[in-house]
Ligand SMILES: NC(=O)c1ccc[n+]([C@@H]2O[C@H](COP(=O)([O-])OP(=O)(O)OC[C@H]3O[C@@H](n4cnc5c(N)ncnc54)[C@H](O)[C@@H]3O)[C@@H](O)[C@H]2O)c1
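Shown below, as structure tokens, is a lone chain in the form predicted on its own; questions about how it binds or moves come after it.
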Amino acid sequence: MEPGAARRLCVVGAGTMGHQIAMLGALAGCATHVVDVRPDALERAQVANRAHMARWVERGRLTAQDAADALGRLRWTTRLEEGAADADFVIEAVIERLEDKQAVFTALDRLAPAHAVLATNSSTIRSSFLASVTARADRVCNMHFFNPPLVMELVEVVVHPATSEATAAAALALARRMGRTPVLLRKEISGFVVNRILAAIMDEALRLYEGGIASFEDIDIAVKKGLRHPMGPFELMDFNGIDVAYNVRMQRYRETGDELQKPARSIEERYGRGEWGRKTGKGWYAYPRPEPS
């Protein structure tokens, strides 16, 4: 595929990441299918995207006609075969578990056109683990957007040894068309760039908390006031999802076999209790109501 040639996009997963990535695609002029097996997730995603566009119009970022045109480019379906059938570029944004993503990529390899690029939005799982279940390893890569995609500008494009230069160029070009700033990682590494740096901060914050040095509230205050971070590490865990933090560390442990890579005790406890942050109404902090995924 020539750089910039992707005109038909399929996004698999209608959670916060998926539906906002799809909205970026529609704003970039792509006819975009959003696929999710949960009809209620598709309904929530449509409501959320209409609300996002209404705010953009109110703030003068878009005209009402441009917003309506972009929303009109979105199609919603529970059937992967419908969403992938004519896609030039597919972005998977399902739960951060290897087996779930491999199942999606196995199906996509069968259903998507031969020329289509298959990208994963995973923040930690290497695309080579997904390319291995397809017959198009050269057209598989990571395309990691940050949460929330409609706000955060960065996209990490990560290639594996078999990824073609044309695939990397297509992913970079699509990110730029979406108004994002891409960076290219030419070697796979778990966590990529940003999350490896962020993980070091979070690991130290958890050590300080579990060691009884300071409360998680005071650690958050210290990081925000002392380092000028917009959120403290515990607030950020709640925002991104403690389930995500747990699954990322478990994936890293499975990859390395290193016991030190397992989730911290306090993360494991909250994960087990279903206290996953904003999405469930309670994590490190309590929230008035759960946020829709």
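In this text, the rigid core denotes the largest set of C-alpha atoms whose superposition between the two forms falls within 1.5 Å. Keep in mind that this is a model prediction, so the values were computed, not measured. Note that residue numbering begins at 1 and tracks the sequence as displayed.
Keep in mind that the form predicted together with this ligand is not shown, yet the notes after this line are about it.
In the predicted complex, at least one heavy atom of Phe145 sits within 4.5 Å of a heavy atom of this ligand. A residue is said to contact a partner when one of its heavy atoms sits within 4.5 Å of a partner heavy atom; Ile242 fails this definition for this ligand in the predicted complex, lying far away. Put simply, Ser122 is close to this ligand in the predicted complex: some heavy atom of it is within 4.5 Å. Heavy atoms of Ala41 reach within 4.5 Å of this ligand in the predicted complex, making it an interface residue. Checked against this ligand in the predicted complex, the residues Ile95, Leu111, Leu198, Ala169 give one hit for a heavy atom within 4.5 Å, which is Ile95. Site annotation in the predicted complex: the residue of Arg139, Arg180, Lys101, His160 reaching within 4.5 Å of this ligand with a heavy atom is Lys101. Residues placing heavy atoms within 4.5 Å of this ligand in the predicted complex fall in a single listed stretch, namely 32-40, out of 56-64, 262-270, 32-40, 249-257. Remark: with the core as the superposition reference, the CA shift of Ala41 between the shown form and the other one stays below 2 Å. Residue displacement note: Ala67 has its CA displaced by under 2 Å between the shown form and the other one (rigid core superposed).
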